[in-house]
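Quick heads-up: it's one chain on its own, the form predicted on its own, in structure tokens.
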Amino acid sequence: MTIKLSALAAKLGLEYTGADRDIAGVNTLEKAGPDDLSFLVNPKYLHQLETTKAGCVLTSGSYAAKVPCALLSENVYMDLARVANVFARPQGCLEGVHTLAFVHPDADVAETATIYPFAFVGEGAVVGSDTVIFAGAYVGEGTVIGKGCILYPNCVVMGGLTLGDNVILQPGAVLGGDGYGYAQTPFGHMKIPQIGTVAVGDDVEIGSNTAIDRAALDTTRIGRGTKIDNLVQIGHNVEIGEHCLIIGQTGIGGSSVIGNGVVLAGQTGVPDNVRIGDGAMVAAQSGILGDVEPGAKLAGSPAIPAKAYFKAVGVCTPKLPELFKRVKNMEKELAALKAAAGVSDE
């Protein structure tokens, strides 16, 4: 795809400097060629403006004078996403319901939906308009999928679930598997049937190989606009608010409640029955022990206020070897003083 810079600027509602030219793609400052649009988001790459071969650079006005051609933005990262969407090629090459897909006669599939070979749509399922279900995906009985959704290959959406509009499930995501519920008995661990459901709001994206368990009795909920990374585990009856960011390898225990706009960085551990307030941010590899106040910033395991944690790790930890050496020397001096004074350790 090639587009004139003037047309791209008009499409995005932005202004540009320099001569109009053809733009054929997007790349980094280091690797962009004369037909590419590049970008400057992080000032630490400012020096690359001097050597880049990019035909045009998306940047804020303060840096525009440093390049012959600039696409001007007040929010470079957001506009980079908009530019990338212009050049992105959607996955897939089919339209309609393929003859090798299984669609139950009692399923309700919109005329504009696309279902690839070897996908399964169960009895009573509803598939909204412009939704695409790729090969190997499973949609269980009675599940309702909204408009404009994408279920990439080998996704599983078990029976009785609800997905809103514009939901994206990356390959291998599993929604509605049984929650981890067992009763301990003299005869072993007795499985507790998980008879609840999962409800996913509009504009949610769920990463590859992420598992969201169905509720034991009620509903596991994922709020509108939340983005969940790969390899995340969300337990039964969890409620996640709107516009949260849940990063890879995070685990959220059953019945926990996550507020709106919460960020849980990679490998965060959240136990059962914890409440995390709106706008809280938890750093990578943190272990939550109890409820978290709205707006809190935590780090460490167990998690403590982030400023205190980074001060301890950044300032104190590097000094531990020298502190250990000093303590050992003090122990030797103390032992020598005791010996000179004839004092026994007993």
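Bear in mind that the values here come from a model prediction, so they are computed numbers and not experimental data. For the two forms, the rigid core is made up of the largest set of C-alpha atoms that agree within 1.5 Å on superposition. Don't overthink the numbering: it's just position in the shown sequence, from 1.
Although it is not shown, the form predicted together with a further copy of the same chain is what the next lines describe.
is_contact(Ser129, a further copy of the same chain) in the model of the complex, heavy atom dist at most 4.5 Å | Flag for Ser129 set to no.
Report whether the minimum heavy atom distance between Asn27 and a further copy of the same chain in the model of the complex is within 4.5 Å.
-> Output for Asn27 is yes: heavy atoms within 4.5 Å of a further copy of the same chain.
Heavy atoms within 4.5 Å of a further copy of the same chain in the model of the complex: does Ala341 have any?
-> Within the cut-off, so yes.
Hey, in the model of the complex, is Val232 touching a further copy of the same chain, heavy atoms inside 4.5 Å?
-> Yes.
Only one of Gly259, Gly251, Gly164, Gly148 comes within 4.5 Å of a further copy of the same chain in the model of the complex by heavy atoms, so just point that one out.
-> By the 4.5 Å criterion, the partner-contacting residue is Gly251.
Listed residue (Val97, Ala135, Val144, Ala199) with a non-hydrogen atom within 4.5 angstroms of a further copy of the same chain in the model of the complex = Contact check passes for Ala135.
Which residues in 196 to 227 have a heavy atom within 4.5 Å of a further copy of the same chain in the model of the complex?
-> In sequence order, Glu205, Ser208, Asn209, Thr210, Ala211, Asp213, Arg214, Leu217, Asp218, Gly225, Lys227 come within 4.5 Å of the partner.
Leu323: with the rigid core matched between the shown form and the other one, does its Cα shift 2 Å or more?
-> Yes.
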